[in-house]
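Just the one chain here, laid out as structure tokens, in the form predicted on its own.
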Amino acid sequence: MFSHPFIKFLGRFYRGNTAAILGSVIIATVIFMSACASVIADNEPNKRVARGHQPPSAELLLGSTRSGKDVFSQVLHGGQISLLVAFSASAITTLIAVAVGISAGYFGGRIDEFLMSLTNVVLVFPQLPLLIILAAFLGQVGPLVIALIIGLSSWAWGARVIRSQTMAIRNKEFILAAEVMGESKWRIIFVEILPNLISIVVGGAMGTCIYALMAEAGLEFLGLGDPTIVTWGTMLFWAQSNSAFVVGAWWDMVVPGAAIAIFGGGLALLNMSIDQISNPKLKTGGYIKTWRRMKVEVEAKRAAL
């Protein structure tokens, strides 16, 4: 059962990689608690259950908001929307970046010139001000629109990175051999090139997910989102509007802020662990021993030849 290649890969990935283990535990815990919010939390997120700004207690684990709503229930239910926006925006950004980057790097010529011109146009506009302008122009937008805005405006840097890596792989012997054998260009892209970019693509997706989570919270904190939908960003918006810190109700703002920081930290740890695998110069802990052993074995085989 444990001889499956994927199981072996996971074993090598997590062996000696503390950052990967800790990051995965944090991400899995937050996702699980948000997904099971209706089971874990006793109260509805929009239901008044207590007096305003009640401190954390046995009845209300994380206190109540200014309108008497359960903060614990809101942070769990709000995580469902916030995480959905972050993952959706990351998926949109990654798909566009991979499509543009690989196409530009592999086909070259006029296709490369056109796609890179489009990419440079997108890069000219600073992302955060662009997000604010688009959200303000559209009015109070929902989570789906926020995910689309973030996803459609954040792909340019990833596309340039993937293009440069594709150009480095483009003239490798195995690519030239596949072309000589008559394999189709699309098969070469999906079978030969894309698997060699997995670590870069996944790392970029993790970084984009962190950015999307922060951007969504920032837009909603500024009042550009739909305040009737419970998310981590709207929780911050209402806490600020109700002067939570001024009146001493620190939990009203600290809880959603901590949720964003904890989940973002888990993604950052997992992203760092991917770098430790894909880049030998960053290998630490148990990985450096494995990498050195593999290097010795390869050098021994070359010497035997």
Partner chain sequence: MVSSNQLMANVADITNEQMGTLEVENLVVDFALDSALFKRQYMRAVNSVSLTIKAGEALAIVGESGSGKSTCARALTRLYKPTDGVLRLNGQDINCPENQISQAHLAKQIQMIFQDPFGSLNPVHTIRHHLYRPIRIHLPRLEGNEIEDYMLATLERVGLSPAKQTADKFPHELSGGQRQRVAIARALTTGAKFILADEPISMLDVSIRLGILNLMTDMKDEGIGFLYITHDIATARYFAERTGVMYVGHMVEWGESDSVTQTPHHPYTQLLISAVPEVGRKRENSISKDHSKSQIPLWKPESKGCPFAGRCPKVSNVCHERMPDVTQVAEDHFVRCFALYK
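Everything numeric here is computed off the predicted structure, so don't read it as measured data. Numbering follows the first chain given and starts at 1.
FYI, the form predicted together with the partner chain isn't displayed, but the following is about it.
- Partner proximity in the model of the complex, defined as non-hydrogen atoms within 4.5 angstroms of the partner chain, places exactly one of 154 to 162, 173 to 181, 83 to 91, 124 to 132 at the interface: 173 to 181.
- For residue 112, no non-hydrogen atom is located within 4.5 Å of the partner chain in the model of the complex, even though that partner is not displayed.
- Using a 4.5 Å cutoff between non-hydrogen atoms, residue 192 counts as a contact of the partner chain in the model of the complex.
- Contact annotation for residue 199: none of its heavy atoms lies within 4.5 Å of the partner chain in the model of the complex.
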